[in-house]
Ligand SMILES: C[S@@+](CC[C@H](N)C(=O)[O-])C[C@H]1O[C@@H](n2cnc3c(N)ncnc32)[C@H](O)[C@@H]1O
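The form predicted on its own is given below as one chain in structure tokens.
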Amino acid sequence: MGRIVHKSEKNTIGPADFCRMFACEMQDLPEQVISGSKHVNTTYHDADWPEMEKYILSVLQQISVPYIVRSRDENLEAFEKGWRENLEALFCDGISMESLKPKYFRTSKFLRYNKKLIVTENLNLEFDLFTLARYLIFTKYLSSYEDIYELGCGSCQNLLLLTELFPAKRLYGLDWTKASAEIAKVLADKLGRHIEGAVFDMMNPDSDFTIKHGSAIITIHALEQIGVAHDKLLSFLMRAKPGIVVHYEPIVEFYDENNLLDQLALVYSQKRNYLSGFYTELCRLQEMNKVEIIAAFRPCLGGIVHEASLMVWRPKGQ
């Protein structure tokens, strides 16, 4: 029988945990992660059985609602509406991470962490940790690239974070909604930075759209929407010949079917027709010596219902 964990046993998530999760050394952590870890309330305890039971019930209820599955047109309409709300917030509240925060980040005392369910008093902990993770990922992998393209840029929050980290870099936000391109223009005008936006459909990439060879391409919580229809996007990325491609996305291949929380995440992802087979295809391309996979792992950092993994790669033969 396992050790009984009492709720009084409080834990925190700090810089050393980020080093462990993202395979880096303490001296390589950006200051934003070190200072952010001190200012964010990361206190938590492992869920007990009544809390786990409540969580499982809430996830099953989410999975069972009929509107969890949306058509492509319904998806586009929903995201156009959502990002336009962020655009309006820019004018009402000013430019900030909060005004560009996607509305799908909801408050919750539950969070997935280290393949366990944890309970926290900070109801925004998922978003707070997600922000610190992005600072780390961007600093570690994008510092040496002058041109950075984000596919599926959504509310353009990542562009705001990137221009904070790298004021002199040229940033490009691509999304299938018109609202996203408008947000990028507002950021460029008000911040005086090189930020461009364009309408771009990842499921049907415009072959005439040019990405500078040797640049960086990122996707953050965007690929999940394309399901199994990722062949055209991968072909586009291969032709673009970027210097690096960084994905921070839910990857079903990294879940463990024998883990209860992972099985729930798998069922949820399958029900929503989220990204599937993308990492498997990348591995096939690497076996054919067409790409080099630089990093591919799961940090095991929440997600309320599912969580993102990190994949970094580049086409070969540049």
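It should be emphasised that the depicted structure is a prediction, and the values quoted were computed from it without experimental measurement. All residue numbers refer to positions in the sequence shown, first residue = 1.
Beyond what is shown, the protein has a form predicted together with the ligand; the following relates to that form.
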Selected contact from Lys232, Lys241, Lys169, His221, since only one has a non-hydrogen atom within 4.5 angstroms of the ligand in the model of the complex: His221
Whether Tyr113, Asp262 and Gly303 all lie within 4.5 angstroms of the ligand in the model of the complex by heavy atom: no
Partner proximity in the model of the complex: Phe130 to the ligand, non-hydrogen atom cutoff 4.5 Å: yes
Contact flag, Glu196 vs the ligand in the model of the complex, heavy atom cut 4.5 Å: no
is_contact(Phe209, the ligand) in the model of the complex, heavy atom dist at most 4.5 Å: no
Proximity of Cys153 to the ligand in the model of the complex, heavy atoms at 4.5 Å: yes
Region of this chain that lies against the ligand in the model of the complex, out of 199-207, 141-149, 183-191, 85-93 [heavy atom, 4.5 Å]: 199-207
Neighbours of the ligand in the model of the complex among 96-120 [non-hydrogen atom within 4.5 angstroms]: Pro102, Tyr104
